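Presented as structure tokens, the chain that follows is alone, the form predicted on its own.
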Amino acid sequence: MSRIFEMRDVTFAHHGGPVKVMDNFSIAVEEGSRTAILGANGAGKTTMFYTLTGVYRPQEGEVLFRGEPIEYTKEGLTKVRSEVAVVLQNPDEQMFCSLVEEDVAFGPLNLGVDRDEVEQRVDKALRDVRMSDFKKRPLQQLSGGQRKRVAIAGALAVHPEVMIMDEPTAGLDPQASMEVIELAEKLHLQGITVLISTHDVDLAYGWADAVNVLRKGKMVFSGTSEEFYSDAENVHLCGLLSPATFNMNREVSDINGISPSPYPRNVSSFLAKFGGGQKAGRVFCVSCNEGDIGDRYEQAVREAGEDAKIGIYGTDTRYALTGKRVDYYFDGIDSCFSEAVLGRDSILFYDSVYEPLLKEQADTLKGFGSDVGREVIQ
């Protein structure tokens, strides 16, 4: 895996002043990775993102994009920003138009995308963030959370190679926060590099391949989540808390006199580790393309049984199943696999792009001793 971004010994101070916002800072971001940036307020997360994309030019050190130092010229910065989309913590800082549809279209139009294609991208992006009904709405009439979703839609419409999201779930309701993670997973599966800064340690723990932790403008940790959270003193000094699943695994493992490793990162893995080892149920899997449900909903219910719980994962499927009985509207993969770990059958409808996640989840659970069967409904 090659490095798409690299910062080497970067020092940055606003207006060249004496206070260093970034101090001898280094980070490497692997292409196609899921990277979480953690740290308390003022740790330097937003400054890091601005420096990665050339908004800030460091006084010392260098920033590399695809192995080459960033050139702080119009052409050099355009090259970086044509491939990188950024969702800022404050959405008002990146909104340039008066209407929702105009703002989402702003990025792709500036990149020279054909207007018919732009319209398709706008419709898809707004649907992905549940803002289709607000397409013609003036931005000033939206709440802060709604403007955040419009900002995410604008980034999606660019079709970037790298997606940088600064506190993307801040100000969002729990359902919208889950959809942000679905979108991040979709981008990752499409080969896009995704960086998310967040205070939500539970979100980062279940999603990220690796975590990078900042404190007072310095990178103090880069590696696996479990290694970082096992160092309670460092977690405290960085102004963070350990994820709930990590804490529960540690405590229950201690009670049972077993090693905390392997570490479950979601509910189904936790249940598989401590659930008693009963025979696993089956997950009836229905891969859905946009609008492609047809008779398979009824077929799946017939095969799995009327008592089987039904889960959804993905925006297209969520729209396609409007009006149908559903038990788990969000986080359907983990919820349905949890049912299976407990010995019960379930039905999972999901956007086809997420197929690799199902295999990954099944393989993970097998490592925890639960061999979940997957039945595919064609």
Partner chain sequence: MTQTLLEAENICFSYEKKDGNVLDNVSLRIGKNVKTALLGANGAGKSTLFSILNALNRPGEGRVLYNGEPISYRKKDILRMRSEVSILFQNPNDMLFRPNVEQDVAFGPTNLKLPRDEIEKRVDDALFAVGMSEYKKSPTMKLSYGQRKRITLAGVLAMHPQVLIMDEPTAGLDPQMAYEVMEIAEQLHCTGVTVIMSSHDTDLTYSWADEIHVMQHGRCQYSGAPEEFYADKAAVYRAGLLSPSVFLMNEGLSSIGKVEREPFPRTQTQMSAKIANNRSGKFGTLHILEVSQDTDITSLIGEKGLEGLSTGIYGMAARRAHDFSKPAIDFMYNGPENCTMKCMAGKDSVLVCDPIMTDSARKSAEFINEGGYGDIRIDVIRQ
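Residue numbers count along the first chain shown, from 1. Just so you know, these numbers come straight off a predicted model, no measurement behind them.
Form predicted in complex with the partner chain: not shown, discussed below.
Visitor: Tell me whether Val235, Val267 and Phe270, taken together, all sit within 4.5 Å of the partner chain in the predicted complex, counting heavy atoms only.
Guide: All of them do, each having a heavy atom within 4.5 Å of the partner.
Visitor: Does any part of Glu117 reach within 4.5 Å of the partner chain in the predicted complex? Heavy atoms only, please.
Guide: No.
Visitor: For Arg318, is any heavy atom within 4.5 Å of the partner chain in the predicted complex, or not?
Guide: Contact with the partner chain, yes.
Visitor: Is there any non-hydrogen atom of Glu298 lying within 4.5 Å of the partner chain in the predicted complex?
Guide: Output for Glu298 is no: heavy atoms all beyond 4.5 Å of the partner chain.
Visitor: Is there a heavy atom of Gly239 no more than 4.5 Å from a heavy atom of the partner chain in the predicted complex?
Guide: Gly239: yes, in contact with the partner chain in the predicted complex.
Visitor: Taking the partner as it appears in the predicted complex, which of 347-355, 320-328, 55-63, 26-34 has residues with heavy atoms within 4.5 Å of the partner chain?
Guide: That would be 320-328.
Visitor: Only one of Glu75, Glu93, Asp254, Glu306 comes within 4.5 Å of the partner chain in the predicted complex by heavy atoms, so just point that one out.
Guide: Going through each option in turn, the one that passes is Asp254.
Visitor: Looking at Gly112, Gly294, Pro174, Gly223, which has any heavy atom no more than 4.5 Å from the partner chain in the predicted complex?
Guide: Exactly one residue meets the criterion: Pro174.
Visitor: For the stretch 185-215, return the residues whose heavy atoms include at least one within 4.5 Å of the partner chain in the predicted complex, in the order they occur.
Guide: Those in contact are His199, Val201.
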